[in-house]
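One chain is shown next in structure tokens, namely the form predicted alone.
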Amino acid sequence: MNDLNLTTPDGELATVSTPVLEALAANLRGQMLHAGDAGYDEARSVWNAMIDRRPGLIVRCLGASDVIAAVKFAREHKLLVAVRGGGHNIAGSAVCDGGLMIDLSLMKSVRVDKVARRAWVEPGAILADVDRETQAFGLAVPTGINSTTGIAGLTLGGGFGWTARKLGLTIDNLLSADVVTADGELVRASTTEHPDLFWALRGGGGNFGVVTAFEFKLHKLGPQVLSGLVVHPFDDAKSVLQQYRKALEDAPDELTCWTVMRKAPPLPFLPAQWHWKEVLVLAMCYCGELEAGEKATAALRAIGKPIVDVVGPNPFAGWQTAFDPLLQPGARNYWKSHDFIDLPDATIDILDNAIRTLPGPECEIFIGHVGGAAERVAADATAFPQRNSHFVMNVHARWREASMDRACIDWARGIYEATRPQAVGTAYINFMPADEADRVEAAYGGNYARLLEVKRKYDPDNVFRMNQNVRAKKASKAA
């Protein structure tokens, strides 16, 4: 092993000697990698293929002691730090150039107490790991909709999916978290221990430390739910969206229905003449009794003249993987997102035009509806800012060739700007790309000032800055 020149947060180089590196390696249960080592390229690869960064050093942690060692090492040598959980973040903040990457992806344990209805989950677990363990006992924690998403990033950003309207956001079911803070101390955050940190972790992203374990409350669910897709011709999109908007006014908490607008992939249940034609999909899930679900979904399924309706009983863990084939790693991705309190006709008109000008066959626009139990939490109870019943639009540009970068990114940005007048200003930070650093304060709305206070207390030097960053400065001595 040779001396390494590693990058600092200011972009300068810090030389770390061979004996110091060897001492770190000897203190780890896990593995230390740098360029040229077997496994280095795999460890630095993330879901979004637009991100191609090369850390100067990667510490692949196996437990909290490794995380503590890595954080203390980074502080001692004043290194740029990135923290990887599942590596699914659109902004690619899991990886830095030249600095230290703390890789948690090998920490994947999920332990379930079926009697107490609790789960303890390590930060490298993905949603599929959590679903597999909890559904073995007919239990669930509310998570997202893509099973390869990391539980850590999803939770720290808020976390919503098919069950949020009934069971709340992922953070609403978080009971405690073990956190390595910027000074290398392991603390537990809960409503009674470090409650300010616990408040900030629930929606504030990775700004405050490295979570080494999550404790979640579990709920009875499944093993089967009523779920599936109703696919409409895109020529009917305006009418379908207007009726969809109306139908949701009376939807019970158990029912979630989102829309996806895109070119139809060659799904086996779609007639061949519709493959790669523009469609609007109503994707729905009822997390209650199947018979009640048939009644609750009836109004949505009666809209228009769909091409196919494949709503029926499905294993919940299987439904959680339904969109995985469209979201595999290896593609280039860029997202733009807004929150809307309602879905006005002006927005529908913009979306209608946007789908007719898709720059590539994998690009899509997703509209998620969040409310129910998630809205019955006070806006200042957690860092997550938007607790009203609302729609989340995610413009998802996805493509394969670098030559398409400009067309796809411009398409997404154009829709974002066109719909800005109808949006409310807040945003889901897990949907924000790397170029939206100037939007973070607005995204948190009235919760941002308190986030700053917590940042100043737990990370005044901004060690954890590879995220949608809350930029706190140290208070001056005069202050």
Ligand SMILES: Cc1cc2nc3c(=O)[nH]c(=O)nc-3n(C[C@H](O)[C@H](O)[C@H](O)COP(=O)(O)OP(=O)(O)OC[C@H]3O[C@@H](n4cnc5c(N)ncnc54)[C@H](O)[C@@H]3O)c2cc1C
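The structure displayed is predicted, hence computed values, not measured ones. From 1 onward, residues are counted along the sequence shown.
Another form exists, predicted together with the ligand; not displayed. Remarks below refer to it.
Undergrad: Is there a heavy atom of W335 no more than 4.5 Å from a heavy atom of the ligand in the predicted complex?
TA: Yes - in the predicted complex, heavy atoms of W335 and the ligand come within 4.5 Å of each other.
Undergrad: So in the predicted complex, does T256 come within 4.5 Å of the ligand, heavy atom to heavy atom?
TA: Because no heavy atom of T256 falls inside 4.5 Å of the ligand in the predicted complex, the answer is no.
Undergrad: Though only this chain appears here, would A397 touch the ligand in the predicted complex if you measure heavy atom gaps against 4.5 Å?
TA: Output for A397 is no: heavy atoms all beyond 4.5 Å of the ligand.
Undergrad: May I ask you to state whether G228 is within 4.5 Å of the ligand in the predicted complex, using heavy atom distances?
TA: G228: no, not in contact with the ligand in the predicted complex.
Undergrad: Looking at heavy atoms inside 4.5 Å, which stretch does the ligand contact in the predicted complex, given the options 310 to 318, 261 to 269, 228 to 236, 152 to 160?
TA: In short, 152 to 160.
Undergrad: Tell me, which of V187, L327, A373, L175 has a heavy atom within 4.5 angstroms of the ligand in the predicted complex?
TA: None of the other options qualify; the answer is L327.
Undergrad: I need to confirm a contact call. Of A182, V392, I145, M284, which residue comes within 4.5 Å of the ligand in the predicted complex, counting heavy atoms only?
TA: Checked against the cut-off, the match is I145.
Undergrad: For 420 to 440: residues with a non-hydrogen atom within 4.5 angstroms of the ligand in the predicted complex?
TA: Read in sequence order, the residues that approach the ligand (within 4.5 Å, in the predicted complex) are Y428, N430, F431.
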